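What follows is one chain in structure tokens, specifically the form predicted alone.
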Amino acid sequence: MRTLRLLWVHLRLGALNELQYRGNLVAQMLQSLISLAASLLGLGIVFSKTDALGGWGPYELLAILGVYFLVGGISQLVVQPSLSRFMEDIRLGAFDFTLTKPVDAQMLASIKQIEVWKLVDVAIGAGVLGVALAGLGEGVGPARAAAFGLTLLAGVAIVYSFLLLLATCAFWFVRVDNILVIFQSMYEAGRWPIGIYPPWLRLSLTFLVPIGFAITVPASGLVGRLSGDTLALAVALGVALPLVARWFWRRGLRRYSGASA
């Protein structure tokens, strides 16, 4: 409950801060709509030449696109801006102020900065998923919906934990700001099913940078392509990776000596 209250407080503060610059909302909407239009144009070009891509039909690929926007919006709403600020605080020594607060430092560092306009991407993702569900029709039953919800939660946990692992490297290295930019560039590959890529890239986007578990697996659960083994692996990774990230965080925190050192 404390985490939810703190998240709500930071969300309100983020909204109040961003409302000073309402032009950002227009800019974010334009950026998101252009990105959506480019993605839909790509799908249109693909399906003007074929009926399926790697076995995925039009509405199935639309489900992947919806998950792509949804997970990316959640990540860029809270996780990425907060961890970017955390890395900057480490470099400047301002992380001392976080450690003095009577709450868990990892939790506070993970929700400290909120870019409220990224809710536009979340809304677009939900809308695209709604269109995909309408196109898929009655084939989406309770079992698929449950698999989708479970794997989506696991995917968000996996992305957060992976980004936290990257950001925690700031305890050892002076500047690692660009590492999140590199992740975002690789995240762009999640617009398409992981299975269409060459084997080496497929493995990289599944286990090295777990984009496949964050996007393709939840979409697979929604359209009925998810096997029991993949579901179990996604859930196991969604539980194990946060524990690994927590362990790595504590190890990095012991290394931090403060601004006065």
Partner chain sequence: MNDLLALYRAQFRTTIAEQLQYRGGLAIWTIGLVLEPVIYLAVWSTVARSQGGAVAGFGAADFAAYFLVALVVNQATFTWIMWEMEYWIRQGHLSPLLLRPVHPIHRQIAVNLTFKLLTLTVVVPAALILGVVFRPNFAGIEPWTALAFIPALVLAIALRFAIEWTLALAAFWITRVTAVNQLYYVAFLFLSGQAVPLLLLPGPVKAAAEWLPFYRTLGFPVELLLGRLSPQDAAVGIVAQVGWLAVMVVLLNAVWARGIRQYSAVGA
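Positions refer to the first chain, counted from 1. Source: prediction; values computed, not measured.
If you look for the form predicted in complex with the partner chain, you will not find it shown, but the lines that follow are about it.
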130, 227 and 245 - do all three of these have some heavy atom no more than 4.5 Å from the partner chain in the predicted bound form? no
Where does the partner chain sit in the predicted bound form: which of 70-78, 150-158, 173-181, 122-130, heavy atoms within 4.5 Å? 173-181
Does any part of residue 233 reach within 4.5 Å of the partner chain in the predicted bound form? Heavy atoms only, please. no
Is residue 57 one of the residues lying within 4.5 Å of the partner chain in the predicted bound form, judged by heavy atom distances? no
Evaluate residue 203 for contact with the partner chain in the predicted bound form, applying a 4.5 angstroms cut-off between non-hydrogen atoms, and reply yes or no. no
Mark residue 208 yes when one of its heavy atoms lies within 4.5 Å of a heavy atom of the partner chain in the predicted bound form, and no otherwise. no
Across 49-73, which residues bring a heavy atom to within 4.5 Å of the partner chain in the predicted bound form? 49, 50, 51, 52, 53, 54
